[in-house]
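Just one chain follows, in the form predicted on its own, and it is written as structure tokens.
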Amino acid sequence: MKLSDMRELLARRDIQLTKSLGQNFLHDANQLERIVAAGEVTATDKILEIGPGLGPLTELLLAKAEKVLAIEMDGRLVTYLRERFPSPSENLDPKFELLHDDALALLKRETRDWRDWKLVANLPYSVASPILVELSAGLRAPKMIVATLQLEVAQRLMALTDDDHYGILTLLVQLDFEPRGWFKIPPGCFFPSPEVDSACVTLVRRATPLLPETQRDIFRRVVKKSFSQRRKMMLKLLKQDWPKEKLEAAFVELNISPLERAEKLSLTQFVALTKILSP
């Protein structure tokens, strides 16, 4: 779908895009192909697409995947997508399934197992981070995530220890996913052009979980408390929620300085600290 086609379609249907929904539609054919290639989409893949918009990525995914499930919040776009990609009327499992729903709300209320799925999507920028945190957590997470989002969010997802972008989002997602790569997408590839740079990231689910399900809540508490005041010593912050003696012993065991700030600790160290602090 060319930019001229996109403009004409939106004008003909009198669709005014909504900034609060993060509606910046990717139209550049080369970038769309790069996203599909990053997802290594094959004929046996089931793909989850969040925020399909006018469907340019959907079209490419349908040409390669076994099944595409798209979630779109905007009812005007849902009407158009159902016209563009009609499902069979027979009682068959459709190759394309479209849900009119708030994706973040759906992920929170449903316990669907995504382990055999891949997420390949141009995520709405306004909710990209909470969607990724919700979708990437635990045993139900998809086997691969390929997502276009704000460059700043992409940098946080890809960050390493002691990086300026390293923080809560980094750790919550990397607990279950290994970052594999990313590439920038210029603003001019979108309509309307966003005021921020964009990037597409690729993350692959870890073959072996770093923590059991029973310890994940502790991990989240430790990470969030440690970064709650980024410039403060994390030991002092953690003492608000855990006994001083237990924390100090844990820091000695893990060879962590009591003066250390959270940004200096690796994912491995946060995992080890979680195991010690778990009941």
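Quantities reported herein were computed from a predicted structural model and do not represent experimental measurements. Residue positions are given as counts along the sequence shown, with the first one as 1.
What follows is about the form predicted together with S-adenosylmethionine, which we do not show.
Within 4.5 Å of S-adenosylmethionine in the predicted complex, a heavy atom is found for none of 47, 68 and 98. Checked against S-adenosylmethionine in the predicted complex, the candidates 171, 77, 185, 203 yield a single residue with a heavy atom inside 4.5 Å, and that residue is 77.
Contact annotation: of the candidates 163, 102, 152, 134, the single residue with a non-hydrogen atom within 4.5 angstroms of S-adenosylmethionine in the predicted complex is 102. S-adenosylmethionine in the predicted complex is not approached by residue 142, whose heavy atoms all lie more than 4.5 angstroms from it.
S-adenosylmethionine in the predicted complex is approached by residue 123, whose closest heavy atom lies within 4.5 angstroms of it. Interface membership of residue 26, defined by any non-hydrogen atom within 4.5 Å of S-adenosylmethionine in the predicted complex, is confirmed.
Residue contact check for residue 127: one or more of its heavy atoms lie within 4.5 Å of S-adenosylmethionine in the predicted complex. Of the stretches 36-44, 50-58, 231-239, 209-217, only 50-58 has residues with a heavy atom within 4.5 Å of S-adenosylmethionine in the predicted complex.
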